[in-house]
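Read the single chain below, which is given as structure tokens and is the form predicted on its own.
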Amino acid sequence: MSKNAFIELSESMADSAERAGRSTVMVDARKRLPASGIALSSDSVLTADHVIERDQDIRVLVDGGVEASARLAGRDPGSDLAVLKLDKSSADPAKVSNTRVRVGQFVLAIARPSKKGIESSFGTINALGGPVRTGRGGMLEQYIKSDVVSYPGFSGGPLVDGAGEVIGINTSGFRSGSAITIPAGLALKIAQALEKSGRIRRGYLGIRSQTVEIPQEARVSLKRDQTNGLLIVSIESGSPASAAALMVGDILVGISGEAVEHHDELFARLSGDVVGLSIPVEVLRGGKLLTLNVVVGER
């Protein structure tokens, strides 16, 4: 006699939790309840930055009860991510999903907040968004919202799909206090930068601006569908913008060929590898489109 659909779904999700749990670790780096992390490799763990309250005496417990000492390899409060290096190769690396994340799909939040074993929370993805300011001096290009319950100690653990593969890392460490998930692709990109240099570089131009509507006659020169830009209202003396001859009254409309309509988009365009590079910045000046090369400074 065949099993009913409910039993099959239940067993499938339990199998997924078990698979994901093999690469979900306990991270003990604060006074209160430990948090969770994801094994990137046998000796590397990705976790939430806000759960790392001490740089010394960090302990990590992997599946099977093996405990290892860890050191902080890099951290980024802006994205609330941190990378730990274990003193011995003992973790089972996580498998990251390469399928498209969809609103409505079933997901599990997995955690290992104690030595008792893994815990899970079931739900669905209810929104995909970004960019968004984190409230910790950073910007997430993308984020996932789900209705899984983030219990104490769940920060740093994975959000996984029905196959038990990681689609993101969970955190409740941002200003809003509500839990969100950083997509796996973005989290891994940040993790690689942290392992390489220990921090994330974020750029700045040295301007203050406000969102304005682009005059209809000026939109023609953009050769793209764009209605808003950033009116430059002040420029810092000695800043990258000043050195590149940007002017108060210019309307910043693009960076490296990509439209910039709002402050969050500008923030996102200046993150990552652009610091120290000369990039083309498009502005409208007197209704005419100009492209100026700006060497991005570090904020």
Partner chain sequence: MRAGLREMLSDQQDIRIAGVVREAQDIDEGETDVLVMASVPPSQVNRRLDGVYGILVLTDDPEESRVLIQAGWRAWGILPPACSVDELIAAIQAVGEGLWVGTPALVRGMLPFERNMNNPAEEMGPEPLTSREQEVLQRLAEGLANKQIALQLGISEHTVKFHLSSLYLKLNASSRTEAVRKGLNAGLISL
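Quick caveat, the model's predicted, so the values are computed rather than measured. Positions refer to the first chain, counted from 1. Under this definition, the rigid core comprises the largest set of C-alpha atoms superposing within 1.5 Å between the forms.
Another form, the form predicted together with the partner chain, is not on view; read the next lines as being about it.
Using a 4.5 Å cutoff between non-hydrogen atoms, residue 61 does not count as a contact of the partner chain in the model of the complex. When contacts are judged by a 4.5 Å heavy atom cut-off, residue 221 does not count as touching the partner chain in the model of the complex.
For the chain shown alone, residue 53 is a contact residue for the partner chain in the model of the complex, at least one non-hydrogen atom being within 4.5 angstroms. Heavy atoms of residue 135 reach within 4.5 Å of the partner chain in the model of the complex, making it an interface residue.
With the partner omitted from this view, the residue of 183, 74, 78, 130 that lies near the partner chain in the model of the complex is 78 [heavy atom within 4.5 Å].
With the partner removed from view, the residue among 40, 244, 266, 274 that has a non-hydrogen atom within 4.5 Å of the partner chain in the model of the complex turns out to be 266.
Stretch-level contact analysis of 101 to 109, 201 to 209, 160 to 168, 120 to 128 against the partner chain in the model of the complex, using heavy atoms and a 4.5 Å limit, identifies 201 to 209. In the model of the complex, every residue of the candidate spot (49, 236 and 270) has a heavy atom lying within 4.5 Å of the partner chain.
Relative to the superposed rigid core, residue 98 undergoes a CA displacement smaller than 2 Å between the shown form and the other one. The two forms, fitted on the rigid core, differ between the shown form and the other one by 2 Å or more at the CA of residue 138.
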